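Take a look at this single chain in structure tokens; it is the form predicted on its own.
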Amino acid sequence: MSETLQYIGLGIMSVLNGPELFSIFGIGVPVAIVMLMGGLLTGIAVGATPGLAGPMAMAISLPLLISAFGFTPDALLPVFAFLIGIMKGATLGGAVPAILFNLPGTPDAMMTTLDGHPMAQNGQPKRALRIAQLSSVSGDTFSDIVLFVCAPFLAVIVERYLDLPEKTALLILSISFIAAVMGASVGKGLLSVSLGLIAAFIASGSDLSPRLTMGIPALREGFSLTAAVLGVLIVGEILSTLEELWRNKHALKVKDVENRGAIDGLQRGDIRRIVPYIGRGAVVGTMIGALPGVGSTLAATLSYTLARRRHRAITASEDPQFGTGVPEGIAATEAANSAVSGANLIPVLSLGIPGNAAAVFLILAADSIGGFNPGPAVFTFTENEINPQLVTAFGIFTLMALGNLLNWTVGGSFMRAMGVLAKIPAHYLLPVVLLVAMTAIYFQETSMFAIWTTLGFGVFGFFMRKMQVPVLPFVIAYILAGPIERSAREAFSASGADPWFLFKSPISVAFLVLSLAAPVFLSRGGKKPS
């Protein structure tokens, strides 16, 4: 317990005593806190702009941040701070266009429109936004608390009871599960994972012999991880959105909210009404978010459905119901989709497995800078020696707690001022975003091959979307290909070159059986591609 408290203190001090960016009245302001604030405001602005999303802003920011801060361990917390700020701010800001203009920027925000926009049309936009802020930040705070408790606990269990064969089988299980739960069909999910693994294995292998390079010298080092991921996730999304806007003749109509003379702002009894729905939504979002590959759309939909059923059971038939602008509908949705963000980092920090697009960019940051490798080893206590990765982990926890504090205070005011961004035409905005993304890639890689790689993977991602093949399993498989190969090689060597090393342990056999069972039992029902 004393060691844990020591590391908590070191994590807090690593943020507060970090390099100072400037001083106010002689008091130094740490760069990590400034970056957190900047990322939070950027995320709110991005979330409030239809056509943009938090992962898009994180993708553009990452190469620029690394270029600015370099590759030293001192760069870890400032870079993480900005990315965490974007992640938290975009979740909060996503409610703005959904409520004010009935324009859900993300699929999970679709549920917010059902009650948020009717409330705004009734002349109470500020009330709707205020309820969304309280619910979103409450759900986010709850999931962060669960993250702080569960991630170290899960990592310790994995490190204590799982050896190399079991860890290899666990990684195989994770990509099998992700393939099963993402996409319109399990076949397309498995296809996406397979393509990601194939693309990741194009390079010189561990024995330095060319592998899948087709005799092209430029491919001996493989594709840049950042370029490939940004290409498929961001450039592909931009191309797909531009094509859809062109096909629909720029159909993004914004209607101003009419003020019908209703009293705006929080009303007496609102908080008491929404607290039970926030609590249930936070629990639903946290449970779903802790599963790799299961996104906030499912959490928002499930929470809204459960809340509507509960609301019908306890109210009279003549009372306002869900879909007409009731506070409970906004609260249930926003608490659930915000609770996913913190819980999604549980598999990231404890297992090194990304669960959503935002987590992908946190892993990319750690991989690019070095000195921090998300996974069970992070939470290892070493005798007579400080584990710097554990200090960084508690520094990340500190940044997330400070991010929630900022969302409780300044986030709401900035969120309500961002409604004007929803009026920017997406067909003007997205080409600028594409140009900035390409510039950011060149800043980090300083190579035209990286630019062509990004564009190539962008076109590839565009056609994946056209064929309704989910792109996130491709990205996660691309990231996990290296750890799977390293873990399998190490386990193979440790077993004395036994080709059946995965079948020597009951735990690894159980994981492999679950890997086969996941596509069979988790593929029922139509799911939209991610």
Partner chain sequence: MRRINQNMALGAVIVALALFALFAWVPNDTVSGFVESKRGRLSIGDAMAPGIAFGLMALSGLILLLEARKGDMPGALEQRTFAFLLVALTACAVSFGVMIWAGPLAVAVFGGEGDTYRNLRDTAPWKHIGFVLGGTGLVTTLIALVEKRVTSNAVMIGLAAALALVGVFDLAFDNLLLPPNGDQ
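As the structure is a prediction and not an experimental result, all values here were calculated from the model. Positions refer to the first chain, counted from 1.
Beyond what is shown, the protein has a form predicted together with the partner chain; the following relates to that form.
- Interface membership of residue 27, defined by any non-hydrogen atom within 4.5 Å of the partner chain in the predicted complex, is ruled out.
- Within 4.5 Å of some heavy atom of the partner chain in the predicted complex lies at least one heavy atom of residue 439.
- For the chain shown alone, residue 213 is a contact residue for the partner chain in the predicted complex, at least one non-hydrogen atom being within 4.5 angstroms.
- Using a 4.5 angstroms limit between non-hydrogen atoms, residue 463 touches the partner chain in the predicted complex.
- Residues of just one listed stretch (76 to 84, 348 to 356, 452 to 460, 402 to 410) have heavy atoms within 4.5 Å of the partner chain in the predicted complex: 452 to 460.
- Residue in contact with the partner chain in the predicted complex (any heavy atom within 4.5 Å), chosen from 156, 266, 275, 435: 435.
- None of 198, 271, 218, 420 but one reaches within 4.5 angstroms of the partner chain in the predicted complex through a heavy atom, and that residue is 198.
- Within 4.5 angstroms of the partner chain in the predicted complex, the stretch 467 to 486 places a non-hydrogen atom from each of 467, 468, 485, taken in sequence order.
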